[in-house]
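Presented as structure tokens, the chain that follows is alone, the form predicted alone.
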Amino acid sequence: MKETLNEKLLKNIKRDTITNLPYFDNFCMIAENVLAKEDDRYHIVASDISNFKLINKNYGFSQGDILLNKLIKDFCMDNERCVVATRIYSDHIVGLFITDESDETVVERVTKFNSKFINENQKDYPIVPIHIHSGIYKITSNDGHITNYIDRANMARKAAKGHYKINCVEYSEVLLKEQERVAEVLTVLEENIRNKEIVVLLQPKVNIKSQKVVGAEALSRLKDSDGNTISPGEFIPILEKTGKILDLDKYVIKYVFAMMKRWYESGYKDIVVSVNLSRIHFYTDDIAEEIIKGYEKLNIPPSLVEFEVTESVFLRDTDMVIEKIGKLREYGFKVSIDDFGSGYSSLNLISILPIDIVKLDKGFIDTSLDTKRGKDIMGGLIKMLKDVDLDIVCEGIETKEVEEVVYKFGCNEVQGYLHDKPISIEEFERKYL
């Protein structure tokens, strides 16, 4: 570090061998010393590099270290505003910055810095998308420990993750409340898994022509200690953002596999049950092998299980996803692309994806049926998909009239409140088996 970074305080302290930054304890000591003596305004900035593990994996640890040190050089070494910085772990760095600017200006400055850094370095790592996430905490009064300030900056940093149009977030009380809710949901998940209390529901899939139930989608619900159900619209984004969706999905997969074995041994051999796979699964090296290993023990046909993957999963790291989905399909599982039409579907991808079924999103269907042009587009899309031997399921069907229209267009099966809502396994067995 250069003279502007409190060189006097930094003498004779231990440093990280990779980055030459002070170790965390030394950083805290120096920062506390500075905050106790001066009255200027300070901010804590916490930053990390997205996909850093993939950079190490694809380019080697030495190249990862090079990128990390480039960030540190620009972030703090050559930044006269930086008082002191440290690497907490891996690619996660934290700095104490002195500023005389408004909060908005600080956020804007960090945002521009991140964007500039990405633009300058992405070309050196073409197969791994680089993104910088930063969180900022303004120290308004020195009435707490430095680690508390770091925690708040990290809370803001985590809030920026998953938002590729936002690379910097400032801490606020709203964030604190959101983080408290995240902690509550994660606690409920852990308790539900430990006590085997996750509620697994089934929503029927109906063949339009025969009007018989031919399958079902497995859906999950969490319940808190008071018996209140947490909406999937709330807990799914939280679990995906924290990576805990893996724990939920694995629980549901294991639960459904056991149910399918029981059904098969009882003579119910024609109901296909689908299970959702989050995009995070595909960053797990052995996801396909793990699922197959668990299913092989059941000794029942894999064609009875379908894995649903949302279309957005295929739009990033396409080759990797295709490889892992392909392994599941080669084993004999069915694979569907879910919510097709809800985002920016690429028809080019359809030709190379290892899938059997396309599930058309309710929003896409409702919008398409509003106009003649929309109906023509939807009819043409279904015809094209069927011409390449894909089955079609239309989601969110609520009226007989809509069902008749999609059937006329060539849709095979429907799912929605017209036939049934998601119901308990016991009720599904009683009504449909």
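Residue positions are given as counts along the sequence shown, with the first one as 1. Keep in mind that this is a model prediction, so the values were computed, not measured.
One more form of this protein should be noted, the form predicted together with a small molecule, which is absent from this view; the next part is about it.
- The chain is drawn here without the small molecule; in the predicted bound form, the stretch among 211-219, 290-298, 182-190, 317-325 whose residues come within 4.5 Å of it by any heavy atom is 211-219.
- Only one of D65, E32, D391, E398 lies close to the small molecule in the predicted bound form, with a heavy atom inside 4.5 Å, and it is E398.
- Proximity to the small molecule in the predicted bound form, taken as a non-hydrogen atom within 4.5 angstroms, holds for one residue of V107, V252, I166, I98, which is V252.
- Although the partner is absent here, E306 lies well away from the small molecule in the predicted bound form, with no heavy atom inside 4.5 Å.
- Proximity of K362 to the small molecule in the predicted bound form: non-hydrogen atoms within 4.5 Å are present.
- Although the partner is absent here, D338 is a contact residue: one of its heavy atoms lies within 4.5 angstroms of the small molecule in the predicted bound form.
- At least one heavy atom of P422 is located within 4.5 Å of the small molecule in the predicted bound form.
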